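Listed next as structure tokens is one chain, alone, in the form predicted on its own.
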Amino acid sequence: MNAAGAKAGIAGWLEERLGLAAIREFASHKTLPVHSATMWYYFGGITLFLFTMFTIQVLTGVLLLLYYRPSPAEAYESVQFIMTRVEYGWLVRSVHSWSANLVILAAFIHMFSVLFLDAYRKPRELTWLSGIALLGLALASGFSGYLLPWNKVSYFATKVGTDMAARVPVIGETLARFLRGGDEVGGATLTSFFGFHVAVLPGITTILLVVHLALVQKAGMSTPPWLAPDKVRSIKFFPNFFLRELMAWYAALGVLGSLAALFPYGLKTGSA
């Protein structure tokens, strides 16, 4: 069998099992509107790129997990070991920390662009609500991860945050106790936050993200209400918009790499 025949055989084998033709058919017909505010669409993809399962946050998080020890006696020392002894450990932690900050920034920009463009209006209410929930999960992931170095700054920041939760009417005390794993911030809090940060929140986020993306695909991209839909031209998602989105990802990756390399995320103060 020649090379062309082998290639055709492999393609046929994959097609039979994966149904790639349906994906190609969908991609070839999917279009996006082009107007003066189209640039704001890219922030949804940038947020996805910085946060989702197979990209920055989880890949660097898995590398950190190889050395991190979630106990009050060892947490600070393990992070210090990553920063000073593990080869390129400081860079991996910097990328993880800076991408966490950038994903929050990108998510807020995306949220406000949706708000200002009235993209939450019918029939996209559920898309908007699922996006708000994803932003809340991203903030919760950042809050839970902030305690993990177990230094004085993270300890007192968590104490302030859980004290604020305690002020919530009716459920405040119960909520604060649940977050702390007891009456005060301590070892149980660290263990609880570690579990939420590496398992519970990523799992919930992944499920909700799939729902959010499905809703986006179902309703399509919104056009601002001040533009007549029949007068807005459109472009194909693949390859036209996809290649532009890819350039936005490269730009985000460049910003992230520059921040991580030039402004390493340090380990502030001593152990809590």
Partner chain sequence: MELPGTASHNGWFHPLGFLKGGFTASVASFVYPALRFMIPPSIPEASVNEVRAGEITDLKVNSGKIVKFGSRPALLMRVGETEFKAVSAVCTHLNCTVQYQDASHQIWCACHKALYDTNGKVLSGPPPGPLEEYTVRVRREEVVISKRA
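Residue numbers count along the first chain shown, from 1. Everything quoted here is computed from the prediction, not taken from an experiment.
The form predicted together with the partner chain is left out here; the points below concern that form.
Should residue 67 be classed as touching the partner chain in the predicted bound form when contacts are defined as heavy atoms within 4.5 Å? Residue-level check for residue 67: yes, a contact with the partner chain.
Answer with yes or no whether residue 77 is in contact with the partner chain in the predicted bound form, where contact means some heavy atom within 4.5 Å. Yes, residue 77 is a contact residue.
Is there a heavy atom of residue 204 lying 4.5 Å or less from a heavy atom of the partner chain in the predicted bound form? No - in the predicted bound form, heavy atoms of residue 204 and the partner chain never come within 4.5 Å of each other.
Against the partner chain in the predicted bound form, would residue 100 count as a contact residue? Criterion: heavy atoms within 4.5 Å. Residue 100: no contact with the partner chain in the predicted bound form.
Just one of 146-154, 102-110, 118-126, 88-96 has heavy atoms within 4.5 Å of the partner chain in the predicted bound form; which? It is the stretch 88-96.
Does the partner chain, in the predicted bound form, lie within 4.5 angstroms of each residue among 21, 213 and 219, using heavy atoms as the measure? The answer is no; none of 21, 213 and 219 reaches the partner chain.
Which residue, 114, 134, 179, 82, is the contact with the partner chain in the predicted bound form, using a 4.5 Å heavy atom cutoff? When the partner chain is considered in the predicted bound form, the option within 4.5 Å is 82.
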